[in-house]
Ligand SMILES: C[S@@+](CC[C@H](N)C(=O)[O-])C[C@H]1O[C@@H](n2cnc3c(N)ncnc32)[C@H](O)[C@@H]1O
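A lone chain, given as structure tokens: the form predicted on its own.
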Amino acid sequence: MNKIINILKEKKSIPLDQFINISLYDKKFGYYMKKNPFGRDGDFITSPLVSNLFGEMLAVWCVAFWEKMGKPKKILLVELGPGDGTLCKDLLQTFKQFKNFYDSLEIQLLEISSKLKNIQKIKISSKKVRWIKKIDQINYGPIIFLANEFFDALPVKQLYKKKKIFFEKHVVLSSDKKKLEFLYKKADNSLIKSIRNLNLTSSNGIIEYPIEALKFLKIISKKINKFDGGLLTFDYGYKMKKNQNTLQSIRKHKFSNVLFKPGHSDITSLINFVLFHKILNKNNLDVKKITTQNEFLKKIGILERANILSKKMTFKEKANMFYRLKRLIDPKEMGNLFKVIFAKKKGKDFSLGF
């Protein structure tokens, strides 16, 4: 909080995306840089932590995609924002059962937090894995990019349109200099132009502009077009074209005020999957339809796999596995809240899960 207050005393106001960036990613102050937010003792739980079946099914999907690409001698798997390392650990465990794939494999984990990198290293002890801080470090392929709850944690801008005038959301200090408040300031022309180019200006009200996510999609698309491969991403999101205010903050598994104690809670926004589809398409990738986590996991055989595993389990183990599976695929839980999108280099058709 002190860091942001000091900046605001000097600058008077900062745009929302800068506020999110400092709150989450500042080296000393940032939420992701100083704690482990994952799991029951943290602030939220992700799919890999709910059930290892999630990682196992994704591993099988990766092997199938590799086979469709012609079983290249080298395959690079890049996990974007690997959390506490659980997904990577589960993937490796399954990959070992596919010898030819495993022999061809290298994994790179894109992680900027030293704190999380140390947590990941405790879980993952494999010579197959190395850590990178920038996508620019990737220089060969084919590449399979995997992202689970990565894009929703990237800074967004918010604008408000009123009577044809655009205002950008900023964070300012309250008059008593003790708390933070939102303020709308007239948006600059280059920002308005970007919004118009993306056709996000359709109606009055809040416009959410995922500026950092779109930069990532552009770089990822370039790498896929150059080296071959694809991107598979899972995230909270929506498929309606309508713009909406989806900014939220979570602390100890409960919603909290975005401006309260920045650096101590997670700040996210929902993914506009229609926009993602459009951007990936624009960047010359073959993009499959947007589906739900429920549909994707069921189509790649998660129920059949669970039934096979259950035959060797005690009643208690079986009950636990199916309870966790329900959380992953139930439409009222993670099943429909999470959407899935897959984009690949144009050429061979591959649509497993879609």
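Everything numeric here is computed off the predicted structure, so don't read it as measured data. Residue numbers here begin at 1 and follow the sequence given.
Another form exists, predicted together with this ligand; not displayed. Remarks below refer to it.
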query = Thinking of this ligand in the predicted bound form, which stretch from 218-226, 68-76, 156-164, 142-150 has heavy atoms inside 4.5 Å of it?
reply = 142-150
note = In this chain shown alone, the residue from Pro210, Gly83, Gly237, Pro262 with a heavy atom within 4.5 Å of this ligand in the predicted bound form is Gly83
message = Just to be sure I understand the contacts: of Leu116, Leu231, Leu91, Val171, which is the one whose heavy atoms reach within 4.5 angstroms of this ligand in the predicted bound form?
response = Leu116
message = Suppose contact means a heavy atom within 4.5 Å; in the predicted bound form, does that hold for all of Asn294, Phe322 and Leu337 with this ligand?
response = no
ask   = Can any non-hydrogen atom of Leu191 be found within 4.5 angstroms of this ligand in the predicted bound form?
value = no
ask   = Leu110: heavy atom within 4.5 Å of this ligand in the predicted bound form?
value = yes
ask   = Does Asn52 reach this ligand in the predicted bound form, with heavy atoms at most 4.5 Å apart?
value = no
ask   = Though only this chain appears here, would Tyr32 touch this ligand in the predicted bound form if you measure heavy atom gaps against 4.5 Å?
value = yes
